[in-house]
Ligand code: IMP
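Quick heads-up: it's one chain on its own, the form predicted on its own, in C-alpha coordinates.
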Amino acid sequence: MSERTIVLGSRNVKKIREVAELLAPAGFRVVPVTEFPDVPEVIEDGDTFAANAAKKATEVAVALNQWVIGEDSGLCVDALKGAPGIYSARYSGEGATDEKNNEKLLCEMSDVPDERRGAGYVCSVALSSPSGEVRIAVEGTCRGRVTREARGDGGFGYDPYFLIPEFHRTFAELSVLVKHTLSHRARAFSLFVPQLRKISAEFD
(Lines give C-alpha, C1' and ligand atoms only; values in the text may rest on other atoms or scores of the structure.)
Protein backbone atom coordinates (compact mmCIF):
# COMPACT_ATOMS: atom_id res chain seq x y z
CA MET A 1 0.00 0.00 0.00
CA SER A 2 1.51 3.32 -1.06
CA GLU A 3 1.60 6.05 1.53
CA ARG A 4 -0.46 9.18 0.92
CA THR A 5 0.16 12.57 2.47
CA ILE A 6 -2.51 14.60 4.21
CA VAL A 7 -2.28 17.99 5.91
CA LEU A 8 -3.48 18.47 9.49
CA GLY A 9 -4.66 21.97 10.30
CA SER A 10 -3.15 22.02 13.79
CA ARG A 11 -0.16 23.68 15.44
CA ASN A 12 -0.35 21.57 18.62
CA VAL A 13 2.75 19.36 18.56
CA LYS A 14 1.35 16.63 20.83
CA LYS A 15 -1.96 16.54 18.95
CA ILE A 16 -0.10 16.29 15.63
CA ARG A 17 1.85 13.30 16.93
CA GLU A 18 -1.31 11.58 18.19
CA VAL A 19 -3.18 12.05 14.90
CA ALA A 20 -0.14 10.85 12.94
CA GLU A 21 -0.08 7.66 15.01
CA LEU A 22 -3.81 7.09 14.46
CA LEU A 23 -3.57 7.58 10.67
CA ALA A 24 -0.33 5.69 10.01
CA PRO A 25 -2.03 2.24 9.91
CA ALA A 26 -4.35 3.57 7.19
CA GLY A 27 -1.35 4.49 5.02
CA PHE A 28 -1.41 8.24 5.54
CA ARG A 29 1.50 10.44 6.50
CA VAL A 30 0.41 13.54 8.38
CA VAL A 31 1.99 16.88 7.53
CA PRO A 32 1.19 19.67 10.02
CA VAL A 33 0.14 23.10 8.82
CA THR A 34 3.24 24.47 10.60
CA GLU A 35 5.24 23.29 7.58
CA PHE A 36 3.45 25.98 5.55
CA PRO A 37 4.40 29.25 7.29
CA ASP A 38 2.43 31.41 4.86
CA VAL A 39 -0.90 29.92 5.94
CA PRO A 40 -2.58 32.28 8.44
CA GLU A 41 -3.94 30.95 11.73
CA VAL A 42 -7.62 30.05 11.62
CA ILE A 43 -9.82 32.05 13.98
CA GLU A 44 -11.83 29.48 15.92
CA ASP A 45 -15.09 31.39 16.28
CA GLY A 46 -17.50 28.52 15.67
CA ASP A 47 -20.07 27.71 18.35
CA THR A 48 -19.46 23.95 18.26
CA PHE A 49 -16.49 21.61 18.00
CA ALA A 50 -17.79 20.51 14.60
CA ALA A 51 -17.97 24.08 13.30
CA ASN A 52 -14.40 24.81 14.37
CA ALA A 53 -13.11 21.54 12.90
CA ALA A 54 -14.78 22.32 9.57
CA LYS A 55 -13.41 25.86 9.58
CA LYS A 56 -9.85 24.67 10.21
CA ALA A 57 -10.16 22.10 7.43
CA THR A 58 -11.73 24.28 4.74
CA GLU A 59 -9.73 27.47 5.25
CA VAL A 60 -6.38 25.67 5.23
CA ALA A 61 -7.44 23.47 2.30
CA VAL A 62 -8.32 26.47 0.14
CA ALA A 63 -5.12 28.28 1.15
CA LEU A 64 -2.96 25.29 0.18
CA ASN A 65 -5.15 23.71 -2.53
CA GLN A 66 -4.70 20.42 -0.72
CA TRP A 67 -6.76 17.89 1.24
CA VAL A 68 -6.79 18.97 4.89
CA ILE A 69 -8.01 17.51 8.17
CA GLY A 70 -9.44 19.88 10.75
CA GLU A 71 -9.80 18.75 14.34
CA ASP A 72 -11.29 20.43 17.38
CA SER A 73 -11.58 18.88 20.78
CA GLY A 74 -12.08 19.71 24.41
CA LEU A 75 -13.43 18.84 27.81
CA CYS A 76 -17.09 19.34 28.75
CA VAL A 77 -17.73 19.23 32.50
CA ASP A 78 -21.26 18.43 33.66
CA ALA A 79 -21.15 20.60 36.80
CA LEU A 80 -19.89 23.57 34.77
CA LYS A 81 -22.74 23.33 32.24
CA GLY A 82 -20.40 21.99 29.55
CA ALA A 83 -17.47 24.36 30.18
CA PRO A 84 -14.71 24.72 29.23
CA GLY A 85 -16.05 23.11 26.02
CA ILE A 86 -14.95 24.79 22.81
CA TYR A 87 -12.83 27.17 24.89
CA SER A 88 -10.78 24.32 26.40
CA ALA A 89 -7.46 25.39 24.88
CA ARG A 90 -7.92 29.03 25.94
CA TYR A 91 -9.94 28.54 29.12
CA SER A 92 -7.62 30.65 31.28
CA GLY A 93 -7.61 33.58 28.86
CA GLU A 94 -4.82 35.25 26.93
CA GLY A 95 -1.53 33.40 27.23
CA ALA A 96 -3.34 30.22 28.25
CA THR A 97 -1.24 27.13 28.96
CA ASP A 98 -2.20 23.60 29.99
CA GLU A 99 -1.09 24.42 33.53
CA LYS A 100 -3.12 27.63 33.77
CA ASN A 101 -6.18 25.97 32.22
CA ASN A 102 -6.02 23.12 34.72
CA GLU A 103 -5.58 25.55 37.60
CA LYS A 104 -8.74 27.40 36.56
CA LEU A 105 -10.66 24.14 36.12
CA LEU A 106 -9.74 22.94 39.61
CA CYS A 107 -10.64 26.33 41.07
CA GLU A 108 -14.04 26.32 39.36
CA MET A 109 -14.68 22.79 40.65
CA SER A 110 -13.30 23.21 44.16
CA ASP A 111 -16.75 22.86 45.76
CA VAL A 112 -18.03 20.12 43.45
CA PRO A 113 -18.36 16.77 45.29
CA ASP A 114 -16.83 13.61 43.84
CA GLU A 115 -20.17 12.17 42.72
CA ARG A 116 -20.86 15.25 40.56
CA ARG A 117 -17.48 15.55 38.82
CA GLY A 118 -18.54 13.77 35.63
CA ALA A 119 -17.14 15.04 32.34
CA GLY A 120 -16.68 14.09 28.72
CA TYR A 121 -13.94 14.67 26.21
CA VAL A 122 -15.23 15.47 22.70
CA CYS A 123 -13.34 15.33 19.40
CA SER A 124 -14.71 16.53 16.05
CA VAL A 125 -12.85 15.76 12.84
CA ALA A 126 -13.53 17.15 9.37
CA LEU A 127 -11.89 16.52 6.01
CA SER A 128 -11.94 19.21 3.35
CA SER A 129 -11.23 18.79 -0.34
CA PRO A 130 -8.79 21.27 -1.94
CA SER A 131 -11.79 23.33 -3.09
CA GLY A 132 -13.05 23.80 0.48
CA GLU A 133 -15.84 21.21 0.50
CA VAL A 134 -16.27 19.20 3.72
CA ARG A 135 -16.28 15.57 2.61
CA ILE A 136 -16.18 13.84 6.00
CA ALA A 137 -17.40 15.01 9.42
CA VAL A 138 -17.37 12.77 12.49
CA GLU A 139 -17.33 13.11 16.26
CA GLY A 140 -16.12 10.89 19.09
CA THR A 141 -16.64 11.14 22.84
CA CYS A 142 -15.23 9.56 25.98
CA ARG A 143 -16.80 9.81 29.44
CA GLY A 144 -14.90 10.07 32.70
CA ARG A 145 -14.59 12.34 35.69
CA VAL A 146 -12.36 15.15 36.90
CA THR A 147 -9.93 14.31 39.69
CA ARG A 148 -8.75 16.72 42.39
CA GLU A 149 -5.05 16.12 41.81
CA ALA A 150 -2.89 15.51 38.73
CA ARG A 151 -2.02 11.89 38.05
CA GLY A 152 0.46 10.67 35.42
CA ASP A 153 2.86 12.47 33.13
CA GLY A 154 1.60 11.40 29.70
CA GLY A 155 -0.86 13.09 27.37
CA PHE A 156 -1.56 16.83 27.32
CA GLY A 157 -4.27 19.35 28.12
CA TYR A 158 -6.57 18.12 30.86
CA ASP A 159 -5.37 14.51 30.62
CA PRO A 160 -3.74 14.34 34.11
CA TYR A 161 -7.13 15.20 35.65
CA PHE A 162 -9.42 13.12 33.42
CA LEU A 163 -10.05 9.77 35.09
CA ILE A 164 -11.48 6.73 33.30
CA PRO A 165 -13.29 4.94 36.17
CA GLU A 166 -13.17 1.49 34.55
CA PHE A 167 -9.38 1.65 34.40
CA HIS A 168 -8.86 3.62 37.64
CA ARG A 169 -6.39 5.72 35.68
CA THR A 170 -6.28 9.17 34.12
CA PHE A 171 -5.55 9.69 30.44
CA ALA A 172 -2.05 10.76 31.51
CA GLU A 173 -1.51 7.39 33.20
CA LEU A 174 -2.79 5.19 30.38
CA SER A 175 -0.45 3.61 27.84
CA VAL A 176 -0.49 4.98 24.31
CA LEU A 177 -1.96 1.66 23.12
CA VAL A 178 -4.94 1.89 25.47
CA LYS A 179 -5.49 5.59 24.83
CA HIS A 180 -5.47 4.96 21.07
CA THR A 181 -8.39 2.59 21.65
CA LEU A 182 -10.73 4.43 23.98
CA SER A 183 -9.98 8.15 23.80
CA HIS A 184 -12.36 10.64 22.21
CA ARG A 185 -9.80 11.23 19.46
CA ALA A 186 -9.32 7.51 18.86
CA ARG A 187 -13.07 7.00 18.64
CA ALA A 188 -13.49 9.89 16.22
CA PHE A 189 -10.72 8.59 13.96
CA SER A 190 -12.12 5.05 14.09
CA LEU A 191 -15.17 6.54 12.33
CA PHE A 192 -13.08 8.82 10.13
CA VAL A 193 -10.59 6.30 8.71
CA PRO A 194 -13.09 3.96 6.96
CA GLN A 195 -14.64 6.95 5.20
CA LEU A 196 -11.21 8.31 4.33
CA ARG A 197 -10.26 5.00 2.74
CA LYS A 198 -13.38 5.12 0.56
CA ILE A 199 -12.35 8.38 -1.07
CA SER A 200 -8.57 8.01 -0.85
CA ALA A 201 -8.27 7.37 -4.60
CA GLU A 202 -9.22 11.02 -5.12
CA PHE A 203 -5.93 11.99 -3.48
CA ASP A 204 -3.90 10.65 -6.44
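All figures in this text were calculated on a predicted structure; none of them were measured in a lab. From 1 onward, residues are counted along the sequence shown.
The same protein also exists as the form predicted together with the named molecule; that form is not shown, yet it is the one meant from here on.
- The shortest heavy atom separation between residue 179 and the named molecule in the model of the complex is within 4.5 Å.
- Taking non-hydrogen atoms only, residue 157 approaches the named molecule to within 4.5 angstroms in the model of the complex.
- Contact check for residue 185: a heavy atom falls within 4.5 Å of the named molecule in the model of the complex.
- Among heavy atoms of residue 89, some come within 4.5 Å of the named molecule in the model of the complex.
- Heavy atoms within 4.5 Å of the named molecule in the model of the complex belong, among the stretches 158-166, 142-150, 58-66, 27-35, to residues of 158-166.
- Proximity to the named molecule in the model of the complex holds for all of 15, 18 and 121, with the criterion being a heavy atom within 4.5 Å.
- Taking a 4.5 Å heavy atom cutoff to the named molecule in the model of the complex, the one contacting residue in 21-47 is 44.
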